[in-house]
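As structure tokens, one chain now follows by itself in the form predicted alone.
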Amino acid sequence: MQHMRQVKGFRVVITGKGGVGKTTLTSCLSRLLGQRGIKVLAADEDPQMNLPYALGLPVDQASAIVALSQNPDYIEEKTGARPGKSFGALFRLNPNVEDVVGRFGVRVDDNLSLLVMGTVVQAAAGCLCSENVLLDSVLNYLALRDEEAILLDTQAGVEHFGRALSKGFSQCLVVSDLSFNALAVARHAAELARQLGIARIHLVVNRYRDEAKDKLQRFAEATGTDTQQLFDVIHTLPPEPRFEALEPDVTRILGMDSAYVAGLNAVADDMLAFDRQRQELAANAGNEGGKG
């Protein structure tokens, strides 16, 4: 029987421009941490909602999942207002959503569960509508759960859930490739994460080739970006041509000899080391406070 490793407050938000491999990274990291004996909850807030497929759920099961943002009955039950009919209505701003994982979480394997949140896509992204209130409340609740590692796969940027992220998420993985546009989105996401007070910000450069490594330096010089100040650590992941044949279940790469997997393990090691350090500092602060 596999020994279960205990984590407390391990919460990571994963963001980046569309198409840079963010969902692939999220799914593989979730599986990898589970294989290390850590209980994981992967939360999908990306509007594409591809994480169930990337984690290897059967296509019929994955396609049948209804995102929380598209579940009008649950939204109305919790907020008191039905989506599309809440304009001008009074509804609960802090609904109790402690049942959300039990009711809508999907068991992927013994150590890994999935919660598909979805997102609210409309012109007024910051609107005070029942869907956004529900999703904010769910994210606040996830930030309080201590029994598993939380990995949140988001849409580009972190503005929408800023308040909850600043409360409970201690690490941010900003995923990019070496294209100018992707690095520009990564820079913006990292700046937002800094403003939210997220303690450790990783840049994960996907599809990294040694012959193109000067692209990051050229981007930094052209935009005046101090990458060492903006990012606490920079990881690189090489191209993995087998992903195309493996999809949708890209996590099968973990059973193969792959330089991508080696890089992925380095990312996981760094995240876990920071989390241990964070817990030790918190414990020491608590002990000092107890002596006072």
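The first residue of the sequence shown is number 1, and the count goes up from there. Keep in mind that this is a model prediction, so the values were computed, not measured.
There is another form of this protein, the form predicted in complex with a small molecule, and it is not shown here; the text below is about that form.
- Though the partner is left out of this view, residue 260 does reach within 4.5 Å of the small molecule in the model of the complex, counting heavy atoms only.
- The small molecule is not drawn, but in the model of the complex it has no heavy atom within 4.5 Å of residue 11.
- Although the partner is absent here, residue 35 sits far enough away that none of its heavy atoms falls within 4.5 Å of the small molecule in the model of the complex.
- Using a 4.5 angstroms limit between non-hydrogen atoms, residue 70 is distant from the small molecule in the model of the complex.
- Residues with any non-hydrogen atom within 4.5 angstroms of the small molecule in the model of the complex fall in just one of 92-100, 204-212, 110-118, 217-225: 204-212.
- The candidate spot formed by 20, 50 and 239 is fully in contact with the small molecule in the model of the complex: every one of the three has a heavy atom within 4.5 Å.
- Residue 156 is the only one of 178, 106, 156, 196 with a heavy atom lying within 4.5 Å of the small molecule in the model of the complex.
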